[in-house]
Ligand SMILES: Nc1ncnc2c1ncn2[C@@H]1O[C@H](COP(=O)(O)OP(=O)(O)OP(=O)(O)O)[C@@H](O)[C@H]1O
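Listed next as C-alpha cells is one chain, alone, in the form predicted alone.
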C-alpha cells in the first residue's frame, strides 16, 4: 500500500523545496521508487528534482489536449478511458528512482469531468506501484475545493516565518476539514525559520492547534542551487536544511 503525502501552503512559502527535501530523505533511506506529482501550474518540481524533459509536452494538460484532438481516431474496440490512460502513460517522466507526473496548465474551455474522473482512477492505479506518492499542490485553497488533494495519509502545510503564513495555514487546514477531505494527519512545517522563534509567533502558532512537524532553517545553498539549476537531491547530507528535514520526516512518517 502506498503512503500518500501532499504539500500545501500560500504562495512563496517554499512548498516545492520542502517536497524536494522530503524526497531527498526518502531516497537516502531506501524508500523508493517514488511517484512525484506536480499539481502546480507553475511546474517547478522537475527542476528541483533534476529531471529532464520538455515540460510543455510531458504534461497531463498536453495529454488532455491530444485526447480531445484525436479522440475521433480512437482505435476500434478500445474504450476511450483506456485510450486516455495510454496518453497519460506517454507523459510520465521516468527515472531510476523517481517518476514524475506534471499536471500542466489549468483546464481550458469545455467540460473535463470525464478527464478528471479518469485521471483520479489512473493515479489510484498507478500510485499502487510506488511505496510513496508525493504531491506538490498549487498555492492557495482552490485545489482543495477541486478535491485534487483527497484521500491522503498526510497533508503537510508549509508556512513561512510570518503571521500571515500561519493564518493561511490555518485556513487551509480548516477548509480541508470543512470539505471533509480524507486526510489522516495534518502537519505544519515552518520554512526559512530563524534559530529562535519570537514570542508573538509562538503565541499565534499555539492558537492553530495543529501538529508542528518542525522548522527548516534559512539555507544559502538552496537558492544557489536554484540559480545554477542543480537538483536539490544532490545537496550535501550535512547541509542544515537536509538535517532538519531528517527530523521532520521521521516525525511525519512515524
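Residue numbers count along the first chain shown, from 1. Quick caveat: nothing in here was measured; it's all calculated off a predicted structure.
Below, we refer to the form predicted together with the named molecule, which is not included among the displayed structures.
Heavy atoms within 4.5 Å of the named molecule in the predicted complex belong, among the stretches 62-70, 29-37, 185-193, 204-212, to residues of 185-193. Contact here is defined as any heavy atom lying within 4.5 Å of the named molecule in the predicted complex, and by that definition each of 10, 13 and 226 is a contact residue.
In the predicted complex, the named molecule sits within 4.5 Å of a heavy atom belonging to residue 222. Although the partner is absent here, residue 50 sits far enough away that none of its heavy atoms falls within 4.5 Å of the named molecule in the predicted complex.
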